[in-house]
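What follows is a single chain, given as structure tokens, in the form predicted on its own.
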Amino acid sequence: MTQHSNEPPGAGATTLVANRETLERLFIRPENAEARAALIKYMEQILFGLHDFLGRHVGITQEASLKSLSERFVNTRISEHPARKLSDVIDALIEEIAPHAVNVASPYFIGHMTSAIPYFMVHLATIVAALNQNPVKLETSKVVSLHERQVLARVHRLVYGRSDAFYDLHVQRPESALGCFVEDGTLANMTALWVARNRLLSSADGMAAVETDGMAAALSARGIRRLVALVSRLGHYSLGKSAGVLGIGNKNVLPVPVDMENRMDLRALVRMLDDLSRTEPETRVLAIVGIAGATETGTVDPLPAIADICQKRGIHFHVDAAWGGPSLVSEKYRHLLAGIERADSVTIDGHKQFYMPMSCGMIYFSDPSAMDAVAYHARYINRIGSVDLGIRSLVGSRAATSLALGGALDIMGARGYALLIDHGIELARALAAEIRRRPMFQLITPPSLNILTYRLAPPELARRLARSAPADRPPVNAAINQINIDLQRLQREAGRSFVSRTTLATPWGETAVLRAVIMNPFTDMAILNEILDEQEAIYRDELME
């Protein structure tokens, strides 16, 4: 590889050549001193100055529209020979891709559930990539699988708090599965419902089993017409996807109304269960899902009361704690998730408030034998009697993200993570107080954890809305909605800060709200005031009639 060009083949320049010598060199070491210098130049910045690097290179959102960006990426051919040197690829990533990515590390970007990661995560992720272990089976992971069991047990203990004897027995016991790693919360929730479905419709009663005989046969054998799952109307859309994949049908994920605090309405839940029992005896409740940190509002359902209902009625109790689960590390605020230890299964996302890189979903079970309901074996992998982790998992080949999470837990400690959790919760409360103080804003949902929603409501319109008869409210509310839709777009396009937007049901009707997620440790009240100031300025300068 002696001649180089950034131009694609056929563009009039000599291209790189793919041959055995080049291939061996690419696998063993950087192509040349130039490539090595490019690697060192940027990797040193990323490894030891991650947030400075991101601040310099990432997230200029206003310079190019999505349409103009899309026109840069229309080459649909893989070139026969190499098209770029490694150094050119690195330069292109830094100069062409990074500036138009989203700067999730900025303390001014408070609308995402993806935030800054600690600098050491890049080191850990690099080692994970270099080792390239596949925990699906022991033959491609060996000690990594044993390490993963230990990490799973640590987080399981955080959730369920069982005895030393329990964890001594199950941590490395091949027959036990305290949980498993998956890519994200969607697959974790799907695994929970998969296990619940298979345990409900197993062959233990001598009837057709759903996993082997199919849904139709399993339901018919038991005289069941349909399965349903109940979750608050703020439930994550992954539950609908899961129901679709599992043959339950997404329309059979029944939304339960919420109370004035955006938590599952227990009276409505009981009423729905009683109505199903009375009017649809051929319908069986597969699971009730409690939320520990709703995506839109951050609210936590009344988990102890839901656990009582599930226990009394013999229903699988799943808690979607993809967002709020890491709050359990905080001695000060773990009580906000009281009752989670009574769940049959719990979803947690490591790439949220454990500040992991993508992707690190986890699902945990109270019963170490629960995942036997989804066990699969093959002659070449996950053989009967083996200790392969892939035996009880929806996911096959995957990265050994447990190495990064285990390392992070050691580096940070529970108290270190608690500082992050406490900061987010307390700063969200301070932001809520500031929003209440400002006449231009209305707080819509106060924070249970570290998410809140609010909107800009000009005082005159807010007064008109408050004084209007119910029939006269829709047009006033629609006008305020449009202000907030435009405001969120203009602030995003300006590129200095970011809050997200969603729509909630309120006494005024469907309401467009701004959504703040406080999880960046460098976000402070001064920054939040700047964001609110910017929103007021955008309204005055660009939206005020």
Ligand SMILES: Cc1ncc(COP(=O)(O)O)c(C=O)c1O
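Small disclaimer: the values here were computed from a predicted structure and weren't measured. Numbering starts at 1 and follows the sequence shown.
In what follows, reference is made to the form predicted together with this ligand, a form of this protein that is not presented.
Colleague: Tell me which of 100-108, 471-479, 291-299, 197-205 has residues with heavy atoms within 4.5 angstroms of this ligand in the predicted complex?
Modeller: Among the candidates, contact is made by 291-299.
Colleague: Since only the chain is shown here, I'm wondering whether A322 would be in contact with this ligand in the predicted complex (any heavy atom pair within 4.5 Å).
Modeller: Contact check for A322: yes, within 4.5 Å of this ligand in the predicted complex.
Colleague: Is E434 close to this ligand in the predicted complex, meaning a heavy atom pair under 4.5 Å apart or at it?
Modeller: It does not: once this ligand is placed as it appears in the predicted complex, E434 has no heavy atom within 4.5 Å of it.
Colleague: Indicate whether T140 is a 4.5 Å heavy atom neighbour of this ligand in the predicted complex.
Modeller: Contact check for T140: no, nothing within 4.5 Å of this ligand in the predicted complex.
Colleague: Would D259 show up as a contact with this ligand in the predicted complex if we use heavy atoms at 4.5 Å?
Modeller: No, D259 stays farther than 4.5 Å from this ligand in the predicted complex.
Colleague: State the residue from N189, N450, S327, S402 whose non-hydrogen atoms include one within 4.5 Å of this ligand in the predicted complex.
Modeller: None of the others qualify; the residue that does is N189.
Colleague: Exactly one residue in H156, R455, H236, R392 has a non-hydrogen atom within 4.5 Å of this ligand in the predicted complex; which is it?
Modeller: Looking at the other structure, the residue within range turns out to be H236.
Colleague: So which residues in 113-144, when you check this ligand in the predicted complex, have a heavy atom no farther than 4.5 Å from it?
Modeller: Residue within 4.5 Å: M113 only.
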